[in-house]
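Below you'll find only one chain, the form predicted alone, shown as structure tokens.
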């Protein structure tokens, strides 16, 4: 097979795009965190994130999250093209500040839960989930 200069340039541009894409996806997750927190400091701990260590299928991964005294909890899948999964808001009369759902993961990645506490502070929990069969078309 003969490659022309144009074919070589197209292959090179494709390789560069595939190299840069994961950094852009991670930046989208960081942007979502900054928008939720308003740029405030986020402390580790204070949030319970229940996710499997290994998910056999990335299409339906069960996730549970809770934070005592939270007014809102944001859930992110940092490796997905659109990292925002859900935001759970709790009022003053909420019996408990917990939620569970099933999410779709594009592959092995970190799942992040950030809770806004009643005093205005933020807490964070992160869990790496290994996906053995890709979700999101993978």
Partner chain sequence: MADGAKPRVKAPKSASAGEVVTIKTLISHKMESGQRKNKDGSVIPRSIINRFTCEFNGTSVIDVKMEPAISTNPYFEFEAKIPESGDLKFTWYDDDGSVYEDVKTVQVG
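None of these values were measured; they are calculated from a predicted model. Positions refer to the first chain, counted from 1.
Unshown form predicted in complex with the partner chain; subsequent notes refer to it.
At 4.5 Å between heavy atoms, is residue 59 in contact with the partner chain in the predicted complex? Yes, contact at 4.5 Å.
For residue 78, is any heavy atom within 4.5 Å of the partner chain in the predicted complex, or not? Residue 78: no contact with the partner chain in the predicted complex.
Mark residue 107 yes when one of its heavy atoms lies within 4.5 Å of a heavy atom of the partner chain in the predicted complex, and no otherwise. Although the partner chain is absent here, residue 107 would stay clear of it in the predicted complex, with no heavy atoms inside 4.5 Å.
How about residue 99 - does it come within 4.5 Å of the partner chain in the predicted complex, if we only consider non-hydrogen atoms? Residue 99: contacts the partner chain in the predicted complex.
Which one, 42, 49, 103, 28, lies within 4.5 Å of the partner chain in the predicted complex by heavy atoms? Of the candidates 42, 49, 103, 28, 103 is the one lying within 4.5 Å of the partner chain in the predicted complex.
Taking the partner chain as it sits in the predicted complex, which residues of 81-95 have a non-hydrogen atom within 4.5 Å of it? Please list them. The stretch touches the partner through 81, 82, 84, 85, 86, 87, 88, 89, 90, 91, 92, 93, 94, 95.
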